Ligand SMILES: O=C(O)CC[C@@H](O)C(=O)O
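Read the single chain below, which is given as structure tokens and is the form predicted alone.
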């Protein structure tokens, strides 16, 4: 398949930075200037062979939920057909549409259920242009041989900055003062308004976002403690605590940064709110199910919790518009919005130009590499397998991509099929019930390629096969 070369990638990234419209110019650091003065090994390296399993124009990509323009540009540079929609699609609409596409890009609102994926006869990969992947049935996708990619790092800074803003907003009751002044009420007060300097921030989940938040918070004079299920080295002077209760007992602000799992569901509920300091604040920009919101409402009414900032909810509207956030969506909505010092935002933690641009580049490149080269590094539901690229002088070579059930004897069967040919390189890995084999076979002609495909296609453990040549 046609693949982006190094210059195209560099130009795309620079264009993406310009597209983001950041008010700050991107400058070259002294280290970058020194590196730019060195001989470029990439230019001196052998030119990579472009793999062509079929015409790139036959590849159809469906992009939903206003995925960033950078992704559209990268896919079009590959020669793919791109269909773009600004909104999400419901299950019924997807059922009639998804069968025609080889890849789909979504954000958080589109639900790719087993019922939808069952109709995805041509689908080979899914791109979640966000951190979370809970909107996709990952196990079913893997069983169908569909690799799922996401962007675990690109919006970390944007979310961390939003949380910092919410910490100050809650401490100073800025939301209430703003609403009052918008309605003509002048209410200059200092009661229960605080500086954040010297207070303690408790971070639940010290991953990419939690650790960035830690650094920003310390720079503002906050003491940082964190709780995680694994031992993680602290940044700065932050300290890891042994239990969640210890964090809740000590923190003035509690910010959650955990995935949605059965273990994290209602991670903060009535017992946890009772364990918190009187007058503490709760911030959730992770997943809507990790905070028991009815219990939070009761804790705020009892003046146990002094304020809360929520960016995510158990059920969220499928599209923008007036009146979409209501009691029909979540039964407690009216009660929540009536409380003082509650900051509610519509899942915008990662919604900055910089983050969406970076996500567009990261996920679209991951999908392109999987389509063009079979490279599954970064897949969240799939074995991570990669082989170095072929050189232009490697003619009459085919790359075999064989996805199969992870059961004994499969590799022996496959290698028996391939043993009549020269296997230049080969790599296999497994993830649960799924295994993935990549192999480059040289000195083959069209007849050999057809025979390899037909024999592999007859193996009982096969899930899917692709040949790149």
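Residue numbers count along the first chain shown, from 1. Bear in mind the structure is a predicted one, so any value in this text is a computation, not a measurement.
Although not depicted, the form predicted together with the named molecule is the subject of the following passage.
**Student:** Looking in the model of the complex, is the named molecule within 4.5 Å of a heavy atom from each of 131, 155 and 287?
**Tutor:** Contact check passed for all of 131, 155 and 287.
**Student:** Is residue 330 near the named molecule? Define near as a heavy atom within 4.5 Å, in the model of the complex.
**Tutor:** Because no heavy atom of residue 330 falls inside 4.5 Å of the named molecule in the model of the complex, the answer is no.
**Student:** Since only the chain is shown here, I'm wondering whether residue 399 would be in contact with the named molecule in the model of the complex (any heavy atom pair within 4.5 Å).
**Tutor:** Judged by the heavy-atom cut-off of 4.5 Å, residue 399 is well away from the named molecule in the model of the complex.
**Student:** Using a 4.5 angstroms cut-off on non-hydrogen atoms, would residue 108 count as touching the named molecule in the model of the complex?
**Tutor:** Residue 108: yes, in contact with the named molecule in the model of the complex.
**Student:** Does at least one non-hydrogen atom of residue 250 fall within 4.5 angstroms of the named molecule in the model of the complex?
**Tutor:** Residue 250: no contact with the named molecule in the model of the complex.
**Student:** Just to be sure I understand the contacts: of 304, 347, 199, 172, which is the one whose heavy atoms reach within 4.5 angstroms of the named molecule in the model of the complex?
**Tutor:** Answer to the contact question: 347.
**Student:** Pick from 91-99, 365-373, 131-139, 180-188: which stretch has a heavy atom within 4.5 Å of the named molecule in the model of the complex?
**Tutor:** Of the options given, it is 131-139.
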